[in-house]
Ligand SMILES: NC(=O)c1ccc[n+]([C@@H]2O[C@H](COP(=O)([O-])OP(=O)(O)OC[C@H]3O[C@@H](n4cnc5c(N)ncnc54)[C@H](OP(=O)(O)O)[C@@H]3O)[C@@H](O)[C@H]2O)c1
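As a starting point, one isolated chain is supplied in structure tokens, in the form predicted on its own.
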Amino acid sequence: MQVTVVPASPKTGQATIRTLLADPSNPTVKGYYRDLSKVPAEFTSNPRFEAVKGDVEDAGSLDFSGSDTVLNITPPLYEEKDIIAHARLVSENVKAAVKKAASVKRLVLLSSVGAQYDHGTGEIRTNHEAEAILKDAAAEVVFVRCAYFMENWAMSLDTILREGFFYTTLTPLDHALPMIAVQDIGSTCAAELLGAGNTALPSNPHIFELHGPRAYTSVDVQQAFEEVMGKSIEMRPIEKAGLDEFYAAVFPPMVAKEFAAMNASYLEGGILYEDPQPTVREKGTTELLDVVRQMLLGA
């Protein structure tokens, strides 16, 4: 089996490739990169991996011929552009490449919880756009709607290591939110890709949410950092009313607005706080503590 990952540079793409190359069925893997100098050595040294220069923004650079399955990732946009227009462009390009390649049996899209909504979710709306376009791209289509990435807390490492505190936008502090480890995303996507032609889908497209073993609060995050570091860590909450200002200090204005809206969507009053349209859920096994330990200690 040949699997294509496009783009291959995000951590989720890397985790999927790592799982595929370790699979006993020995699939071959093609990864698309805008910059081939950034391909990890662990992949280039594997004879079953091929790095391909290409960009989802350039339809002419995508050629999936010979591939049995394709994993598509809609990466976040950090530039002052229309995120919906961009998501539409890259999704249409991927769809065209899949349609052109008669060999592709299954498309797996790495999506997000809340992708069923076209409003009220900020940056997540890019995943809604991708799903709408790719729902019939291949004979078999799978949407993996991931919960909040545990690895997002890596953005807190700078202040934790330098000053012993971190900001949290997950409030109230005892509000639990589903989270998922990148490692579990990779193994789940790999399983869905390898199932093409072997595992019948319960629906088409097959849609499910991917959560971790349990939901976590800001207090859980604080305790995980404290346990790994062996000392007290201060937590500085950013209340819902302060989200716009908080993100404006990090991102360009248009990007900040979308990320603030996304954050607000899963807090009280947001559309995802009590989701009226839940989907089927699957669970990973990696605990937040294991992810924090990996981020801090590399083991």
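This one's a predicted model, so the numbers in the text were calculated from it and none came from an experiment. When you see a residue number, it is the position in the sequence shown, counting from 1.
The same protein has a further form, the form predicted in complex with this ligand, not shown here; the description that follows concerns it.
Residue contact check for residue 53: none of its heavy atoms lie within 4.5 Å of this ligand in the predicted bound form.
Proximity of residue 92 to this ligand in the predicted bound form falls outside the 4.5 Å heavy atom cutoff. Although the partner is absent here, residue 167 is not a contact residue: none of its heavy atoms lies within 4.5 angstroms of this ligand in the predicted bound form.
Among residues of the shown chain, residue 117 is not one whose heavy atoms approach this ligand to within 4.5 Å in the predicted bound form. Contact with this ligand, judged by heavy atoms within 4.5 Å in the predicted bound form, is confined among 157-165, 98-106, 75-83, 196-204 to 75-83. Contacts to this ligand in the predicted bound form (heavy atom within 4.5 Å) from stretch 1-26: 7, 9, 10, 11, 12.
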